[in-house]
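Given next, in structure tokens, is a single chain: the form predicted alone.
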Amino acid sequence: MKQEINPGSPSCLNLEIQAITYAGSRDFVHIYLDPPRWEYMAGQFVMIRPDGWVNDPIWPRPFSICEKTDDSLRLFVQVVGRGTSLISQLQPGNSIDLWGPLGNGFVFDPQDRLLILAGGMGIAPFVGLCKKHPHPEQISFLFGHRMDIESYPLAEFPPEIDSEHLKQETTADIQGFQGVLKTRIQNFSGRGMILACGPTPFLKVVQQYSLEFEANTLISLENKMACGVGACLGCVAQTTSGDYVQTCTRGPVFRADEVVLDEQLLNQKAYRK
């Protein structure tokens, strides 16, 4: 295993796969790698490219850091395309090139109350956060998902965390979940910090209610990335000031009132300046 020269800084490593396990089905994969000698902040991510890839696929894939312990670095992957399918077929002993930790993570006071909102694979960056948080009793966790709950690592969260999960199989389920989000954000506003991660439609709803109720909310975007270091400009996000910034370097975590996810909200001047 090659290691970085400056621990704690973003670096490019070649790491060996320790184990690959499946959750619920072969569409959800836990990948355990040899642990790098750096620490990370929840919300940061890594780019990975297996050694066997030459020109097809050519681009690496970004993944949130799920958890890091003294024994391993863990990624949680959903198989959704050719790249993730090939990654899920790797075997222990195979090596991958990995660069990270990249981007900005969730910044919060561990003494404050947290409301964590996650949709689908947006649960990934919160696994390590919740398991290592010094005051899990200060955390409330609301999780929306479409696949069976056994596919996600919610059962690993400390029992002190007030957690709730809702499955969305129909349009009515989605509308019901949006209602729950609205109530949770409204009731929590002014009581602590909200952290959210998930697909863009989910984040749009979180952002809408966070702005409406003036909640202190951080959102982590899931924009597509090709390089992870701000060079390719493939992941840009629009800010409320009208600028376009790279999600990989300026994010992926932003304040809810900092980026434009819904032009309608911008036109309605819902964003606070």
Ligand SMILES: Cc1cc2nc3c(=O)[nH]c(=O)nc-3n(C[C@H](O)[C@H](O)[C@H](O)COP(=O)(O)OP(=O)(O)OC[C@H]3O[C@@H](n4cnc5c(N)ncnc54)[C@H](O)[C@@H]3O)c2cc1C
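Sequential numbering from 1, following the sequence displayed. The shown structure was predicted, so the numbers you read here are calculated from the model rather than taken from an experiment.
Although not depicted, the form predicted in complex with the named molecule is the subject of the following passage.
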(request) Have a look at W38, F63, Y32, Y209 for me and say which one sits with a heavy atom within 4.5 Å of the named molecule in the model of the complex. (result) F63
(request) Report the residue, out of I96, L142, M121, I161, that has at least one non-hydrogen atom within 4.5 angstroms of the named molecule in the model of the complex. (result) M121
(request) Report whether all of G83, L221 and M225 sit within 4.5 Å of the named molecule in the model of the complex, measuring from non-hydrogen atoms. (result) yes
(request) Just one of 133-141, 181-189, 152-160, 70-78 has residues with a heavy atom within 4.5 Å of the named molecule in the model of the complex, so point it out. (result) 70-78
(message) Can you tell me if F213 lies within 4.5 angstroms of the named molecule in the model of the complex, counting non-hydrogen atoms only?
(response) no
(message) Just to make sure I understand: among 36-51, which residues lie within 4.5 Å of the named molecule in the model of the complex, judging by heavy atoms?
(response) F45
